[in-house]
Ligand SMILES: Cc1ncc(COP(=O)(O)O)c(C=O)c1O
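What follows is a single chain, given as structure tokens, in the form predicted alone.
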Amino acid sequence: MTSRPDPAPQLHDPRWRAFASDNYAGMLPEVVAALVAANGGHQPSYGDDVYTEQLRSVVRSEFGTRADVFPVFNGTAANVVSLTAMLPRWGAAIVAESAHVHNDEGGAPERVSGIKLLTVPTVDGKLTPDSIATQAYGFGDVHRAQPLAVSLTQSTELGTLYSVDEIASICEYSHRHGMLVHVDGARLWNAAEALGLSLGEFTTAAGVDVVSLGGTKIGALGAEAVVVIDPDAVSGTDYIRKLSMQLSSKMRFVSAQLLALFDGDTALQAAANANAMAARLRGHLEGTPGLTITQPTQANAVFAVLDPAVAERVLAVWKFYTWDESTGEVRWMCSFDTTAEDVDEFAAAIKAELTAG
């Protein structure tokens, strides 16, 4: 009889919590269960498995009957594959200056796909038709990269939300000027829960063409996807995914995780907790002397300015990110497994340091 292997050693303290990123959290129990259920036996590789086929069906029920889905490993790939499929070599995408695709992809759109990004300054991370118009010019000018797509983030890098009407107005303006619309949905379920809408109600119904569907930040393990809502808007997504090194041989394990997120209210409940904990944290800290909240708390992020010396003392115990060193602005993120006790203890630590000096 073959003996069972010894359990792998646990190298971290599972009680430790941070407010740096929702990427710090582990996997949802439902995702772990889905991986176990998908294991064992054989299934066809490279997306011909029953899990990926079921995912296609679920995505069509969420995003429309013409939608297709292309699972990938990470959000950078989802964004780069999406924009590459949407744009010709001479094309450019208009994005907010604060957008993740501009600031945090290591130049991947430019270096991997040769895409030009045209940035627009924003106060709250949100594009508008008027701000897009500042870069939507030069059509037909051989000297200018052609603005042929708009990429917005929902929820934004600053934790704010687009309403359905705001997205619809962007889509109407963009399409009227010959531009496609992409949504970076790294935190799409957080937005859906906060808006009280299905994913399709603020993407497909609003006129969005392609979505990068995030899974990792809501509790999956290396599971994201490109959702092509309008197949006429893109070209060669399957080939681009492959040449971008994002075609998973054992795709059933990526698709099974995404299926778990769609199953029932799994992802929405996870998002609801993350959003609620951010609101709780803001409630504890708003109005505290020495601290200024800088953005609306509409999803699972809180932005604030506090003295760098205070931030440094808090960072000695709690991990979080300094967003803007020039102003002292910091970002606190809540996750699907953030508890009320975590929030209360963290807020108390901040208040204690604010009064310590």
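Just so we're clear, the structure is a prediction, and the values are computed from it rather than from any experiment. Sequential numbering from 1, following the sequence displayed.
The form predicted together with the ligand is left out here; the points below concern that form.
Site annotation in the predicted complex: the residue of Gly159, Pro109, Gly75, Gly219 reaching within 4.5 Å of the ligand with a heavy atom is Gly75. The contact with the ligand in the predicted complex, taken as any heavy atom within 4.5 Å, belongs to Ala186 out of Ala186, Met277, Leu127, Ala225. Annotated contact segment (heavy atom within 4.5 Å of the ligand in the predicted complex): 150 to 158, selected among 248 to 256, 130 to 138, 194 to 202, 150 to 158. Of the heavy atoms in Asn79, some are within 4.5 Å of the ligand in the predicted complex.
For the chain shown alone, His100 is a contact residue for the ligand in the predicted complex, at least one non-hydrogen atom being within 4.5 angstroms.
Not displayed here, the ligand is approached by Glu105 to within 4.5 Å at the level of heavy atoms in the predicted complex. Under a 4.5 angstroms non-hydrogen atom cutoff, the ligand in the predicted complex has Asn23 among its neighbouring residues.
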